[in-house]
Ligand SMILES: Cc1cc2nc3c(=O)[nH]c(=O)nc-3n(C[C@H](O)[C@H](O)[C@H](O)COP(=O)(O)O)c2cc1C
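The chain below stands alone, shown as structure tokens; this is the form predicted on its own.
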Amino acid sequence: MRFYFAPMEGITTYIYRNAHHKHYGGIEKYYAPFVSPGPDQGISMKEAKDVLPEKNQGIPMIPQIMTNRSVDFIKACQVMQNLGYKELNFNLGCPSGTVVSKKKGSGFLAYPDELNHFLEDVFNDPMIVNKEVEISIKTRAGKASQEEWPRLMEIYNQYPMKELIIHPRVREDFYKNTPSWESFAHAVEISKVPLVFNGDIFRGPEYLAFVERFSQIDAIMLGRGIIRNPELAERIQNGDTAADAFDKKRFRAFHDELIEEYTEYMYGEKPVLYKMKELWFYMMSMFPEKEKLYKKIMKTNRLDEYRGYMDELFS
């Protein structure tokens, strides 16, 4: 099985990607959080910084683009190609309210005819036709209902994309409810392009249940499952599918590198602590016996106090 690391806005930035790639294996591709080009602002300096090759040396990284204008998408592809990228991903999955209200991300799925015209423009561009860059798509199964999915699959099947990464929830689910394996099965049955599954593979047993049903699928995208346990993909590839296995010493080394890098590149203690608390929202599930300590971690506003809590946690 091939594993991809999903983009998570504000979390899987180049600092996190570099630290994970250094300390853990098992990931074939890292997907960067989306850049959102526009006719006026183009790609912002902040967005460009995260995908600069010098910030991602040695990492198999795929930039992700989010827009609803084909001309902006193609311009962004040209920028990324000039940076040396040969594969790009189109975001049709983000459920954020501010994104959806602009008819972007999963909000674009509610307009299938416009989406079809968008993809027609993109896949007829000479740069794409000549495979100077290849395009994959990350999508949800619809905006409001799984009933939208067959029409979306009809559209996707028209275009020679590299891969279709499917998170079989609809936008209204956000990350609640259960991903629809039925919708994914429909895609498996009719798809003309390679498929990748994304959705709620957090532990070894969930992975085993998936491969038992979809043995023909050879790629899975992991997001929250990897943040929760950075060792997940590597352990599965090594045949260790225990529920929550991880090496605490290795985890500490990874954690300490993260906080060292955040401290160097962020101004002040509060942004560093905010970033670490974002991660602990997921990671603390690996320490179920430390609930009281987790509450202390989430309340602290001092970095020295936080480091003391880490010594206690990892002791």
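Just count from 1 along the sequence shown to find any residue number. None of the values given here were measured: they were computed from a predicted structure.
This next part talks about the form predicted in complex with the named molecule, which is not shown.
Next on the checklist: Counting any non-hydrogen atom inside 4.5 Å, which residue from Ile135, Leu164, Met221, Val170 sits next to the named molecule in the predicted complex?
Outcome noted: Going through each option in turn, the one that passes is Met221.
Item to check | Touches the named molecule in the predicted complex: Thr67 (any heavy atom, 4.5 Å) | outcome: Flag for Thr67 set to no.
Next on the checklist: I'd like to know whether Tyr282 contacts the named molecule in the predicted complex, with contact meaning heavy atoms within 4.5 angstroms.
Outcome noted: Yes, Tyr282 is a contact residue.
Item to check | is_contact(Asn229, the named molecule) in the predicted complex, heavy atom dist at most 4.5 Å | outcome: No - in the predicted complex, heavy atoms of Asn229 and the named molecule never come within 4.5 Å of each other.
Item to check | Pro33, heavy atom within 4.5 angstroms of the named molecule in the predicted complex | outcome: Close contact exists here: in the predicted complex, Pro33 approaches the named molecule to within 4.5 Å, heavy atoms only.
Checklist entry - Using a 4.5 Å heavy atom cut-off, are Glu9, Tyr175 and Asp200 all in contact with the named molecule in the predicted complex? => result Yes, each of Glu9, Tyr175 and Asp200 comes within 4.5 Å of the named molecule in the predicted complex.
Next on the checklist: Tell me which stretch of 233 to 241, 209 to 217, 106 to 114, 191 to 199 has a heavy atom within 4.5 angstroms of the named molecule in the predicted complex.
Outcome noted: Selected range: 191 to 199.
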